[in-house]
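There is one chain below, alone, in structure tokens, taken in the form predicted alone.
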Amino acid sequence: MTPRGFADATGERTLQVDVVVVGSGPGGSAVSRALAERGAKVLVLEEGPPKPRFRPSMPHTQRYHMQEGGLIVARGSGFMPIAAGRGVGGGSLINSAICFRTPDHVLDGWAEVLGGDARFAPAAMAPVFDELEALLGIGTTPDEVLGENNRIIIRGARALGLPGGAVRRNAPGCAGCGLCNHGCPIGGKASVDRVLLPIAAAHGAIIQGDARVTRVIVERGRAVGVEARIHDTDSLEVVGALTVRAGTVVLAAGAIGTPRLLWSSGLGDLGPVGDGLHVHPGNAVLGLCDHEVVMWRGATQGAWFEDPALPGVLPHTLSLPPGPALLMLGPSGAAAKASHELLPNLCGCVVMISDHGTGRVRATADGRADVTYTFEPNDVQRIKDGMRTTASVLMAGGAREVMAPVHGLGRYTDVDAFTAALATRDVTDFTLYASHPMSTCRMGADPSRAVIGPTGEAHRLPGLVIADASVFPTSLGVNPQLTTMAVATMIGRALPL
């Protein structure tokens, strides 16, 4: 059985390790595996539960597996919820298992930001991607688990001559139950708690859940450890206190959690900590078909396409269970009953953009995330353009009407009419959502513009390393979990021990 933590985590204790890693998601698991395989004594601390608490209920998922109960909302151009994972396995527990490699043009841009350092160039990253894809069983979603919702997108993109198809996912045992965002009920998804963390544990790493890190300890100008509170999984009552002394402190709490912790620790002066937030914002388009679809059956987000005329816009399947689908349709009362009858015939696609707008993360007095985000006007237009193309794909794939969660938009049988209606809407009319926070502790060669250097080590605080999506120098443009694992693996393998 894989070691999960201390036999008794209550009371007060102090531990000495080589490396303490804060966070156990894609970044934390990958860097822990890399360091443990090198012989380092590694302790992984995770705020969330030590084991997945699956239930097909969004309130349940928010409570146990989303940071701050799923209530992180960015203020600014509007109000936009931002999802961040929680629990041993982090965001990999509740994501859709999508695994895109980092686009080459993005990595080429990173090399420029890193002053010509080519360690993350496409050729250097390729063997790490190969390795992780083999470990995680990443492969193209098979037809037998696609479901009609995904097939509509594939048919529509093919009919319009657009690149796309079935998505590559780390779900080798997928049965197409459509519940990935709540956790996998059958263990078919190769989330990092099932793959990378067990490898780390086999090399001696200790993984401790229910441990919320509250402070990075700094002595004589060096990070030397962390302080944490151990809490009960269900009541959140504090049951223990932990001090960890370590030669290296690795933060991998995500692009919200990492800067939040640094600011709470009084370390917001380590450069642009929390600045430059990117989130891949977007909206959705729904289609109504004459035939039965049942959008919650089949692989969650199992298909994608792109329009070469819209670089940085990535539409992929939207899969919703009945409750959230009804909420997205909007009406209440008698109108809700009519909407209920539409559910079996709905298909959907989410439009995600690589954003040029930015935000920032700070910490409130009680340690919660304080997030703001401002849209660049052209980003809003790019979302609208992506929604237009997506409406065309859905109709070409089998939908007879299209609609969207945009205030007062209505339903349309004509894409031009749909597009004209979108054109009159402001960003505040959109039901926006973001699930890929990144770039808040950026990597770069210039200490005035970056928090860490190419090795992952902080420019202004020896002993501190960051290894999660917060280090991305730019917006990624694709779902980030595979990139996060690859970058964290490379950081873990290069760190001096």
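Each residue number is its position in the shown sequence, starting from 1. Since the model is a prediction, treat every value here as computed from it, not as a measurement.
Missing here is the form predicted together with a small molecule; even so, the following discussion is about that form.
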Asn479, heavy atom within 4.5 angstroms of the small molecule in the predicted bound form: yes
Ala97 within 4.5 Å of the small molecule in the predicted bound form, heavy atoms: yes
Touches the small molecule in the predicted bound form: Gly85 (any heavy atom, 4.5 Å): yes
4.5 Å heavy atom contact, Gln67 and the small molecule in the predicted bound form: yes
Residue (of Leu277, Cys184, Ala211, Ala157) lying close to the small molecule in the predicted bound form, criterion heavy atoms within 4.5 Å: Ala211
Partner-facing stretch of 447 to 455, 33 to 41, 461 to 469, 424 to 432, counted where any non-hydrogen atom is within 4.5 angstroms of the small molecule in the predicted bound form: 461 to 469
